[in-house]
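Take a look at this single chain in structure tokens; it is the form predicted alone.
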Amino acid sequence: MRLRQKKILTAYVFLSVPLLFFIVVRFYPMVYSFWLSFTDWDLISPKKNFIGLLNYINIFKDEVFMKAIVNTLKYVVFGVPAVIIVSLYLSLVLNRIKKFQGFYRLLYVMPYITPLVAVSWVWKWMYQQPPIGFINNLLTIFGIDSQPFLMSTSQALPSIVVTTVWVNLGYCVIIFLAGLQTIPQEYIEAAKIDGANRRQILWRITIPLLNPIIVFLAITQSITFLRIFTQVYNMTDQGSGGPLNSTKPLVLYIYQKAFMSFDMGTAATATVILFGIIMVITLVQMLILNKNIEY
């Protein structure tokens, strides 16, 4: 065997390890879930009876499932634009700071590297009624009535969105800062010489050149919000996604169906539907946002 053939063979051997891991840990469970969505398996019984599309027909008649879909889409619609806009603004400000830049970066990254369960319980405490809740105490100082936050059907979901945005800010700020530092300064200097102000530089140079970063963050953050679970489970009463299912996302619905109701067929059906929603939203975002910029 020649040296070149040995190198190729070695490369395939090393590549086979992650490929095997992907097939066993990712691909096989995905195919198995798809198969389970056509059965009535109850997790305890060894029998998995094939029932065709019955789970798909019944799940769309379930009001809780439909509520969970709407809630999940609300998390994405409110959360993704908020985290991208706020993190872009913060990264633009941080990019101009020359002193203690590392300290400020660490300050914003801290929530992202903190365990999400701990963050959820701290925010749950902050949303409590006076005299326990920090936010309501602050509102009272300014003469504003205390708010129910997590106990309200209209305020609970936005309260969890705020927590999730706060957690993900650090990650997005770091990615945006890395993107800002790749923009050639010649473009900025040439625009200033031509008389462009800061707003024109931002909209006509900075943001178009950050388009790949924006597409990447829009997709990853959409997936993050579509799979939201830990915050809702820890911040709502008994991890129920309440009050009155007003904060329940699809992942929590799947968890409750699988491990509390032991209805694995319905849980697998909801998983397949969530997978389809993630695929569609990702493709739509790539088609809309991933445009070539020419100068």
Partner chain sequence: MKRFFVLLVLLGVLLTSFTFAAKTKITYWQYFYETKKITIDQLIKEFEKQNPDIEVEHVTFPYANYNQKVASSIPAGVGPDVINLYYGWIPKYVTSGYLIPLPEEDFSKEYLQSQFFSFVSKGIEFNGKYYALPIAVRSLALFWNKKLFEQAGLDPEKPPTTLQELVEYAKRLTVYDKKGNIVQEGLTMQPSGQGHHWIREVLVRQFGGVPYTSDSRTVLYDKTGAGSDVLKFYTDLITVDKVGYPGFMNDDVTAFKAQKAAMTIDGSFRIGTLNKIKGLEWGVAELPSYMGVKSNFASFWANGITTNATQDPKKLEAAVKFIKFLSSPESMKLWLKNVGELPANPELAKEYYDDPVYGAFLRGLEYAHATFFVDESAQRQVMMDAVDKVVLKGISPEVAWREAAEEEQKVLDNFWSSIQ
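This structure is a prediction, so every number in the text was calculated from the model and none was measured. Residue numbers count along the first chain shown, from 1.
Beyond the structure shown, there is the form predicted in complex with its partner chain, which is absent from this document and is the topic of what follows.
> Each of 45, 153 and 259 near its partner chain in the model of the complex, meaning some heavy atom within 4.5 Å?
Replying inline: Every residue of the candidate spot has a heavy atom within 4.5 Å of its partner chain in the model of the complex.
>> Give me the residue from 39, 230, 33, 240 that has a heavy atom within 4.5 Å of its partner chain in the model of the complex.
In response: Contact with its partner chain in the model of the complex is made by 240 alone.
> So which of 197, 140, 181, 114 gets a non-hydrogen atom within 4.5 Å of its partner chain in the model of the complex?
Replying inline: Exactly one residue meets the criterion: 140.
> With the partner left out of view, is residue 211 within 4.5 angstroms of its partner chain in the model of the complex by any non-hydrogen atom?
Replying inline: Residue-level check for residue 211: no, no contact with its partner chain.
> Does any heavy atom of residue 186 come within 4.5 Å of a heavy atom of its partner chain in the model of the complex?
Replying inline: No - in the model of the complex, heavy atoms of residue 186 and its partner chain never come within 4.5 Å of each other.
>> Please determine whether residue 146 contacts its partner chain in the model of the complex, using a 4.5 Å cut-off between heavy atoms.
In response: Result yes; residue 146 sits at the interface with its partner chain in the model of the complex.
> Would residue 81 count as a contact of its partner chain in the model of the complex, using a 4.5 angstroms cut-off between non-hydrogen atoms?
Replying inline: It does not: once its partner chain is placed as it appears in the model of the complex, residue 81 has no heavy atom within 4.5 Å of it.
> So which stretch, 100-108, 118-126, 197-205, 163-171, is the one near its partner chain in the model of the complex (non-hydrogen atoms, 4.5 Å)?
Replying inline: Comparing against its partner chain in the model of the complex, the contact stretch is 118-126.
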